[in-house]
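Below you will find one chain, with nothing else, as C-alpha cells; this is the form predicted alone, and questions on how it binds or moves follow later.
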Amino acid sequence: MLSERKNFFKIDWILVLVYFFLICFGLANIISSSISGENISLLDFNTLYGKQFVFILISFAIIIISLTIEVKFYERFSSVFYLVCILFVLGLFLFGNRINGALSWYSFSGITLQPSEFMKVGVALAVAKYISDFQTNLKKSQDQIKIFLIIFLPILLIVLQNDTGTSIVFLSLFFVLYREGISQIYLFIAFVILTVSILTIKTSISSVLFLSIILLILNYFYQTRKSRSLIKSALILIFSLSISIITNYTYNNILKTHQKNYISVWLNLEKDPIKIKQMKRTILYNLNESEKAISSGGLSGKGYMEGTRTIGNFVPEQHSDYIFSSVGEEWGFLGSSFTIILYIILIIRIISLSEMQKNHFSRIYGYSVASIIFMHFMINIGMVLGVTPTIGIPLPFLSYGGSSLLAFTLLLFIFIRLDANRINEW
C-alpha cells in the first residue's frame, strides 16, 4: 500500500500530454465546426462545444478517480464491470432510444448515454482478466471458446441494435489473442473469410469456386499428391464455398440499400458515371464533401475558423465522425500529419509500455487499449478519406460525444494507473 502511494505520481507523462493535446485540439475543432457566427462561450451549454467542455471537465474527474483506485481493484472487479456493461447494453432493448436507426442510447432529461462505448472498457478488462488467469491456456479449445464468448457476446448484442460500426471495433481484440499465443489458424480463417467475401461481391460464387479449385489442385500436386492433403484441400474448398454462399445471400438479401452502396463504392463496383454522380449527391454526400474539405486545405490549411466548408456546415456530422475533415481543411496536410503522428505516438507508447509490464493482467490490458484505439483511428480516418467503408465511429478524444470521450478516458487512464505501479510488480 505504501509503495503504491509513493509511485502514485509516477505516471507516464507522454501519454498524459498526448491525451490532453488531443482533447484540447478536438474541442478547438468542434468549436470551429459548430459555430454559426455567435460569440464563443464555453459556458454556453446549449452549444455543442459547451457540452463537450462539460464532458472534458467530467473526464478530469474520471482521471482522478482512475488514478486513485488501487491497482488490484481493476483486476479483482473486472468481471463485475464486464457484467454490468452487458446488463446496460441489454437494457437498451427495453429502455433504449433509437437515434439514426441505432438502438444505442439511453435518454433522460436531455442527456444521452451510449453504453456500448463503455462496453469496450468492460471487454478489455474481462479479456485481460481471463487470459491472465493462471488456469487459462489459449492452446486449449475450451479456453478459446470462453474467450470468444467474452468478445462475441457484446458484438452480437450491439449488432442486434443496428450499430454494426461499433461492433466491428471489438474484433481488434483478436490482435491481443494473437499476441498471447492463440493458434495462427484463426488468422488464416479470418484471411480466407475476408478474401472470399470480397471476391464474391466483386465477381460471383462461380468465380470463387473456379479459383478455389485451381488453387487447391496446384496445392495438391505441390504436396506430392498425399491423401491427407487431398482431404485438407477438400475441406478448405467446402469452407470457402460456404462463405461465398453466405456472403452472397447476406449482401443481396440482408444488407440495406445504403450499406450495399457503401460497399459498392468502397470496392469500386459501380462503373456508371451518372449513377456515381447521383450517389455523391445522396448517400455519399458526407464522404464527397469531406474529401473536398480536406483537399481544399492544401499544405498548411486555410487557418483556424477560416475553413469555408467547415464554417458553412457543408459536411454533416463534421463535429463527430467527420471531425478529421475539419482538421484537413483548416490545418492542412501539415496539421493532419501532425495529428496522425500523435495517434501513432499514443498507440506505440501504449504497446511499448505494455511490453514492459511484469504483471500479466496489465500487459494484456495494455494491448487491448492499443488495439481498440488503433481500430478506431484506422477506420475513422480511412472512412473520412474514402479508404474504408463508412460505418460511423468516432475519432478517439477528438470527436464530439460525451460517452466516447468518457469511455476512452477511462480506458486509457486505467492503463496509465496500471503502468504507474509497474515498479511494484513481481
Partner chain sequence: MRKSLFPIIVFVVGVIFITRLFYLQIYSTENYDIYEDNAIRKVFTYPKRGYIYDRNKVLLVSNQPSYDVMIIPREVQELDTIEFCSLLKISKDYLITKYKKTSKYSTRIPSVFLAHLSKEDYGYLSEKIRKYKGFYIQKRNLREYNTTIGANVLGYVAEVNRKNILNDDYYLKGDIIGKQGVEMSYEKYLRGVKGIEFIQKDRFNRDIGKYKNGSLDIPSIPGKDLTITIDSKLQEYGELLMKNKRGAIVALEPKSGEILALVSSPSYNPNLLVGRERSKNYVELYKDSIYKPLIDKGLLSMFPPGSPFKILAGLTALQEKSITDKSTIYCKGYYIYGKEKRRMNCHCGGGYRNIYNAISLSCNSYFADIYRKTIDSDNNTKKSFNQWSNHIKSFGLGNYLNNDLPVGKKGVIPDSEYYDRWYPDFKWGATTTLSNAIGQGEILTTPIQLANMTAAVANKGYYLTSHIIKNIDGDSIDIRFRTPIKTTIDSMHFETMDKALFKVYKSGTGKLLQIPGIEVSGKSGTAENFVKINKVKTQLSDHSIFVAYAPRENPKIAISVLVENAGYGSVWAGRIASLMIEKYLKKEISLKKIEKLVINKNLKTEYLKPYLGKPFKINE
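Residue numbers count along the first chain shown, from 1. On a predicted model such as this, the values are computed, not experimentally measured, just so you know.
One more form of this protein should be noted, the form predicted in complex with the partner chain, which is absent from this view; the next part is about it.
Among I231, I341, I254, A190, the residue placing a heavy atom within 4.5 Å of the partner chain in the predicted complex is I341. For the residues Y178, Y106, F239, F81, the 4.5 Å heavy atom test against the partner chain in the predicted complex is passed only by Y178. Taking the partner from elsewhere, G101 is found to have every heavy atom lying beyond 4.5 Å of the partner chain in the predicted complex. Of the heavy atoms in L385, some are within 4.5 Å of the partner chain in the predicted complex. In the predicted complex, S336 approaches the partner chain with a heavy atom inside 4.5 Å. Of the heavy atoms in G91, none are within 4.5 Å of the partner chain in the predicted complex. Looking at 145-153, 118-126, 324-332, 203-211, the stretch with residues near the partner chain in the predicted complex, meaning non-hydrogen atoms within 4.5 angstroms, turns out to be 324-332.
Looking at 298-321, the residues that come within 4.5 Å of the partner chain in the predicted complex, counting any heavy atom, are G298, L299, K302, E306, T308, R309, I311, G312, N313, F314, P316.
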